[in-house]
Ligand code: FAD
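Single chain ahead, written as structure tokens, the form predicted on its own.
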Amino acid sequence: MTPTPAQPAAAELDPTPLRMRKALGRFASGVTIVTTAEGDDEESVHGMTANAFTSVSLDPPLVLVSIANRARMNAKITETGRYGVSILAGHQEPLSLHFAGAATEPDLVRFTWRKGVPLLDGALVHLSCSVTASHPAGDHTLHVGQVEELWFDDGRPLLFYTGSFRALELQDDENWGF
């Protein structure tokens, strides 16, 4: 029996890592930089690009980042018990590439410190968090953080979709207010 478009072949349904990446890459996500620091100076900052980020609860204010167990950031968050999330603006793709290790652009990196956590200047959102729980989940660890301080601004977010950066385009007359 030949599969029809409505009925894919069984092999197409097997959730291999490559198929998972291709399928989940079709979920557009914002781009964040997760940061932590072992001290209160820029030399102790460690950061990474992440799109595995979500809101968990409004009361109490909780967010979650999913970090690969093999990533140095996983151990750094465990050691410090704190992390920051900077949600990037559309023009900050070079920062995303820098913190993903795909490009070296240290001159672009400027930090703002909130509640002892480094966050990236120019981002649309800053969240300063204390870890309340960490849960192993396959090859990642889910770090739930209570938001201790937040800041936000209007602007166009940087998006990631099917392995590429995108920018959300809005009409000039659209209202950003809720």
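One rule holds for the numbers: they count along the sequence shown, beginning at 1. Please read all numbers here as calculations on a predicted model, not as lab measurements.
One more form of this protein, predicted together with this ligand, exists but is not displayed; see below.
Heavy atom of residue 87 within 4.5 Å of this ligand in the model of the complex = No, no contact at 4.5 Å.
Would you please decide whether residue 81 lies within 4.5 angstroms of this ligand in the model of the complex, comparing each non-hydrogen atom pair?
-> Flag for residue 81 set to no.
Classify residue 77 as contacting or not contacting this ligand in the model of the complex by the rule of any non-hydrogen atom within 4.5 angstroms, answering yes or no.
-> Although this ligand is absent here, residue 77 would stay clear of it in the model of the complex, with no heavy atoms inside 4.5 Å.
Should residue 49 be counted as a contact of this ligand in the model of the complex, where contact means heavy atoms within 4.5 Å?
-> Residue-level check for residue 49: yes, a contact with this ligand.
Of 125, 68, 131, 63, which one comes within 4.5 Å of this ligand in the model of the complex, counting heavy atoms only?
-> Exactly one residue meets the criterion: 68.
Would you say all of 56, 113 and 143 touch this ligand in the model of the complex, counting a heavy atom within 4.5 Å as a touch?
-> Verified in the model of the complex; spot residues all out of contact, no.
Interface residues of 101 to 122 toward this ligand, as seen in the model of the complex [heavy atoms, 4.5 Å] = The stretch 101 to 122, when checked against this ligand in the model of the complex, contributes 101, 109, 111 at the 4.5 Å heavy-atom cut-off.
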